[in-house]
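One chain comes next, on its own, written out as structure tokens in the form predicted on its own.
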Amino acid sequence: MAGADSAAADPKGAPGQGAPRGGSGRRAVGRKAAGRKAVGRNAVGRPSAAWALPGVLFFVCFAVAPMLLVGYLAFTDWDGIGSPQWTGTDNWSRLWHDPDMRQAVWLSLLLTVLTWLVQTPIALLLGVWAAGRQRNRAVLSAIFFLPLLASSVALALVWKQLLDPNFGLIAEIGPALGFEDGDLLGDPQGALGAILFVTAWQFIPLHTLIYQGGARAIPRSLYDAAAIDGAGTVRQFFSITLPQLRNTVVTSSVIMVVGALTFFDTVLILTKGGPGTDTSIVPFLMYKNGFQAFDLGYASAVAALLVVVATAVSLLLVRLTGFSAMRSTREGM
């Protein structure tokens, strides 16, 4: 009993016995915890660079290598059959003085600006509306997004038939639009308007989907607080929705601008650059020189210029809008 009382009175135990056992236990627990942390870091940490190798190889083979080849061909004369002949800056000098190129650049810039002005407001409003949780909005959104499932060529062929002045729908409604003979694609302004309408009809659902995702990410508490302060729907849209969608607008705008600068399949199917050269944009001019005239050296110079301009416009948009800072609109919440 005395020994038991003594042991109870001295919880640390005799020197050299109890204390070391306690310290050893603590060290063992510490080692186990460190081991678990190490395992956790390996389990959820950043994957090794080997995981990026397939994507890097795909990008190099199908993006970097073709761009380097086009950059080389831009300084040569090549018809696609023989060996390319080095010509120095002849293609670039021709590019600078080519009146067709100047017209194509103007048309591409005009189409890009009109595309943004038409598609952005419509896609923004539809995206905010589709972000609602009502069942009818979900059903209508699903129907509205159907054009995204078809290719640009297939849709352009459908619209080509609808705009046929002899058998298409435009033969019936053309007079109401100011085209008595229904030849919408035979008029310079009508052809450009048709391209603008068809591309908007096809790609507005894509940007609507982008805005829908951005609008659903806005915290509901912001709208509840604004409603308590007496803000109506319009005031909430301009004071909450638009500022919160700033980064989304920039993302959609970059995709839209680059797409408008580089697409040509709709032009190829609908107008073939006509009437005359009134819808011959830069990508179509590249196609015409490369695959109709077989002047692949000059076409490569046009393509290289297009890549540089599209990249520069994208970087300029990111720079001017401050999007590169990537500051969250929900910071501090």
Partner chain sequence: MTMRTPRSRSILRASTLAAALLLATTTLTACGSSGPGGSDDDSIDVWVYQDASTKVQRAVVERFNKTSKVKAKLTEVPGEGYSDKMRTSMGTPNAPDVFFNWGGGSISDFVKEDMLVDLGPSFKKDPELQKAFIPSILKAGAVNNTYYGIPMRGMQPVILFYNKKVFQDAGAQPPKSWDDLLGLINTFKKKGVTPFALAGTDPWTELMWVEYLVDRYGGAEVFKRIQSGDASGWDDPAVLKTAETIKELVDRGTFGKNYKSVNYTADGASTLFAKGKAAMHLMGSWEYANQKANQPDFAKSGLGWTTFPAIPDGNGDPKNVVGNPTNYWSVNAKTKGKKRDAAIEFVKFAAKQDYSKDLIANGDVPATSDATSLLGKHENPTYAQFQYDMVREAPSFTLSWDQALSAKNTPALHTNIQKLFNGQLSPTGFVTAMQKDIK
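Here the rigid core means the biggest group of C-alpha atoms that line up within 1.5 Å when the two forms are laid on top of each other. Residue numbers count along the first chain shown, from 1. Just so it is clear, the structure is predicted and the values come from calculations on it, not from any experiment.
Below: the form predicted together with its partner chain, not depicted.
Proximity of D181 to its partner chain in the model of the complex falls within the 4.5 Å heavy atom cutoff.
Contact between W96 and its partner chain in the model of the complex is not found at the 4.5 Å heavy atom cutoff.
For D100, a non-hydrogen atom is located within 4.5 Å of its partner chain in the model of the complex, even though that partner is not displayed. G82 belongs to the set of residues with a heavy atom inside 4.5 Å of its partner chain in the model of the complex. Contact with its partner chain in the model of the complex, defined as a heavy atom within 4.5 Å, holds for exactly one of F238, W86, W106, F167, namely F167.
A heavy atom within 4.5 Å of its partner chain in the model of the complex is found for one listed residue only; from G193, P175, P243, G186, this is G186.
In the core-superposed comparison between the shown form and the other one, F291 has its Cα shifted by less than 2 Å. Relative to the superposed core, L57 undergoes a Cα shift of 2 Å or more between the shown form and the other one.
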